[in-house]
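Just the one chain here, laid out as structure tokens, in the form predicted on its own.
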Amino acid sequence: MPVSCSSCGEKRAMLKRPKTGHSLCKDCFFMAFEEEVHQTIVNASLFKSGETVAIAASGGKDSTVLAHVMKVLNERYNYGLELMLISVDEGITGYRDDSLETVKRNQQQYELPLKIVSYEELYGWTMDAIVKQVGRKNNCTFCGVFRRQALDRGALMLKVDKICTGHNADDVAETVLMNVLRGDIARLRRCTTISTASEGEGVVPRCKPLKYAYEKEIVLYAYFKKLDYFSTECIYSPNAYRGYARTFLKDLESIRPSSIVDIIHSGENLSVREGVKMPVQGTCSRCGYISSQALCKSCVLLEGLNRGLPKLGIGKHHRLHGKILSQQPLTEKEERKLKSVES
């Protein structure tokens, strides 16, 4: 027997919301999803009228839904924002080149300006070339660090006020779990924040309008709206640490759907004991980007690649930063330890 929509009571329910368990018709689901994102934006005061906001676009479901919903809400509630798309080309043949075609179609569909920045243009390296040198064990470290800085550089070129990213509830909960498992108190403390203030010159404030949106509901929204998105996983990510946290989270969700938001709330309410030493934010001596060390992670990783010492940016090698800055040669023993990331 057909089930009626629990919201309007008139149309036939087409889905059961993973987040709440409510049976809804398509129109009521669209409205509920969009209203929840709107409430997230309003409650956290994410934007001010007149701001220029860059939407980080990868062509995937999250960023495609974010771009669509931001455009809808900006018009419905008169946010007064100037929206544009910014995309990063990591240089992954057979993956990013295809997804960028989706981003270009999104640009036409949503009638938003698009800026693409590339690793090759910014760093002189593509991810394909990086993986050839470092292998597949730690390549996500390089990509994540470079992408974050690339987004900031692209945003500065566009002179935007904020970047909004498609991080969803599942992403945030996974990050909380990863930081707990790593014992990374500094990142655990800030990973649940919905927006970041400007952290210094060269860093554009960021926000996560989809912070409380479940991944399953984002997929349903994209599916029923027939949005154009790219669904292939990165060819270099199967061994990523995040994948194991994701599997664990999915197992928890299957038993208790509220696990995702419960983990987020736990991270939000975390308090660090008084006297615990936390990293002090400064700037990189080489490029001026934010860093708690003399050199930012991006510069250290790049130095390692250019010297043929890929392990330089993996693990804790802070004592070598002084040598790098003063361009002193490393000892034979130091070079040997840093040569291969696979050993």
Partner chain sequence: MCQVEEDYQPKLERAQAHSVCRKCVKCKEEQAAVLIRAGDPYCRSCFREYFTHKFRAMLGKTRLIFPGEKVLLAVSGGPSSSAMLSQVQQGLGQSAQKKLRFLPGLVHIDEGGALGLSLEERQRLVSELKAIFQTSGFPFHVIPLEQVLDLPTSAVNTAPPSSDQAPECYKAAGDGRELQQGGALAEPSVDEAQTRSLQQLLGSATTLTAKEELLRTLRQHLLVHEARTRGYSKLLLGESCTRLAVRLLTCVSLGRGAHLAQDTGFSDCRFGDVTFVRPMREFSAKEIAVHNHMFRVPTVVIPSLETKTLEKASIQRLSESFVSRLQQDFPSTVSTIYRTSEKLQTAGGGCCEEDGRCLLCVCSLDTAAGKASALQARLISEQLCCQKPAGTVKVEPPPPAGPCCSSADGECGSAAGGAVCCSSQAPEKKDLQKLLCYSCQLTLRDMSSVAHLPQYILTEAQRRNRRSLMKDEIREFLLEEEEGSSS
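Residue numbers count along the first chain shown, from 1. Everything quoted here is computed from the prediction, not taken from an experiment.
In what follows, reference is made to the form predicted together with the partner chain, a form of this protein that is not presented.
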Site test, 20, 241 and 274 vs the partner chain in the predicted complex, non-hydrogen atom cutoff 4.5 Å: yes
Can you pick the stretch from 220 to 228, 242 to 250, 93 to 101, 164 to 172 whose heavy atoms fall within 4.5 Å of the partner chain in the predicted complex? 242 to 250
Would you please decide whether residue 27 lies within 4.5 angstroms of the partner chain in the predicted complex, comparing each non-hydrogen atom pair? no
Against the partner chain in the predicted complex, would residue 31 count as a contact residue? Criterion: heavy atoms within 4.5 Å. yes
Is there a heavy atom of residue 159 lying 4.5 Å or less from a heavy atom of the partner chain in the predicted complex? no
4.5 Å heavy atom contact, residue 132 and the partner chain in the predicted complex: no
In the predicted complex, which of the listed residues (85, 264, 151, 191) lies with a heavy atom within 4.5 Å of the partner chain? 264
In the predicted complex, which of the listed residues (72, 185, 235, 122) lies with a heavy atom within 4.5 Å of the partner chain? 185
Within 4.5 Å of the partner chain in the predicted complex: residues from 117 to 134 (heavy atom criterion): none
